[in-house]
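Single chain ahead, written as structure tokens, the form predicted on its own.
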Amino acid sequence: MIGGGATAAGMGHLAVMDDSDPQFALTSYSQALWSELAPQLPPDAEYLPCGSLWLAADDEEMAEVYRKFAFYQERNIAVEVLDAKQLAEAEPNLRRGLAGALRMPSDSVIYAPCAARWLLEGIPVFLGHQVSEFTDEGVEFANGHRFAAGSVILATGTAITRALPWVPVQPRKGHLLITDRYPGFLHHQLIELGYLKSAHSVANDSVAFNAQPRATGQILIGSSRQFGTEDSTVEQDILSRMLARAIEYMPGLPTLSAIRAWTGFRAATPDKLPLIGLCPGHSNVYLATGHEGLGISTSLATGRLIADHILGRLSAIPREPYLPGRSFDGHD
């Protein structure tokens, strides 16, 4: 199924991030491409330009808000600092007492499975055919059929290690829960600044508050991160911790009805940057994996970088930070 892995399991947040200069370059480039594409997207892609709020619980996290504000402002990204009163006005269902937030009005959300389906319209797709071998000349299916291709792109998420065991990608499990429809309950994508600690943690499990409004009026609630497991079962203890954290920020959540909870696996690399580009040892095989929680955000830029490489074009941003053959020295 196209988009049936992390694409279907993720939140679909189209965000600009500032963990590193290469991460910023890739996310900001991709967001610009998504913005250009947005008017053409079908209604079921549920593109929603809701903006994001990075929530500061105290003065220490408010200092991080100002740091992020300076970072983005220097790079011509629209940002705004909200104080406690402005934050309460922007999101009335948040608990009182939060110090403030950083507002990023250009962030948006999308229903990625339908967007992926639309992007593939008119392109031949072979479903239910397992690839048993790939070379620089094309691929061979498990049934023996060969498919010749000028270029082969492996965009298989965490499954990349089945074909290439040496690729430094680990699955990082996450839980999400979605509610029934409650239009107006939530207006922005909300992320606690403690989410950054969770995202960077190498502990087996962590949770942080992350909530997203959907065009349908539903609310998507996250998030959790776990290394060391490939079991897709919803774990009640992790889900309970995640929801308890969410309720700390939005006390009214227990009054809402949940419809479904599920899990997915992010493809994580040691340096938190994806693998985009020519596969070492090959002349026509390319990798597009390792995006962890930013696969949807950076998908269009990823495709553009690979197309530039194949066609011999200059890219809008440097490709070197994401090349699969780079060194990971100094990273666990």
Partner chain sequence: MIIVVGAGPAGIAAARCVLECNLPVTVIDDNPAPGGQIWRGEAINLGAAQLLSGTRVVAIDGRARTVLTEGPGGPRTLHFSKLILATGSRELFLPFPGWTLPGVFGAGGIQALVKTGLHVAGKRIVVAGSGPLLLAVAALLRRRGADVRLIAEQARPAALFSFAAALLTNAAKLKEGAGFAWTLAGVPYATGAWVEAAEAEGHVRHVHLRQGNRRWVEECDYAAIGYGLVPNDELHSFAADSEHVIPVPTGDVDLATLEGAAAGYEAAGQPRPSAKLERARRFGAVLARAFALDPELRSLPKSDTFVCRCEDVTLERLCGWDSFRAAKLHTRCGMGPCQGRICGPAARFLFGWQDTSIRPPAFPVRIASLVTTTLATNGETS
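Numbering follows the first chain given and starts at 1. No experiment lies behind these values; they were computed from the predicted model shown.
Form predicted in complex with the partner chain: not shown, discussed below.
The stretch from 257-265, 143-151, 95-103, 75-83 that comes within 4.5 Å of the partner chain in the predicted complex, counting heavy atoms only, is 257-265. Put simply, Glu248 is far from the partner chain in the predicted complex: not one heavy atom of it is within 4.5 Å. Among residues of the shown chain, Gln236 is one whose heavy atoms approach the partner chain to within 4.5 Å in the predicted complex.
In the predicted complex, at least one heavy atom of Arg181 sits within 4.5 Å of a heavy atom of the partner chain. In the predicted complex, at least one heavy atom of Gly4 sits within 4.5 Å of the partner chain.
Using a 4.5 angstroms heavy atom cutoff to the partner chain in the predicted complex, none of Tyr47, Asp107 and Gln189 count as contacting. When the partner chain is considered in the predicted complex, only one residue from Asp231, Glu121, Glu133, Glu89 comes within 4.5 Å through any heavy atom, namely Asp231. With the partner removed from view, the residue among Ile160, Leu243, Leu220, Val139 that has a non-hydrogen atom within 4.5 Å of the partner chain in the predicted complex turns out to be Leu243.
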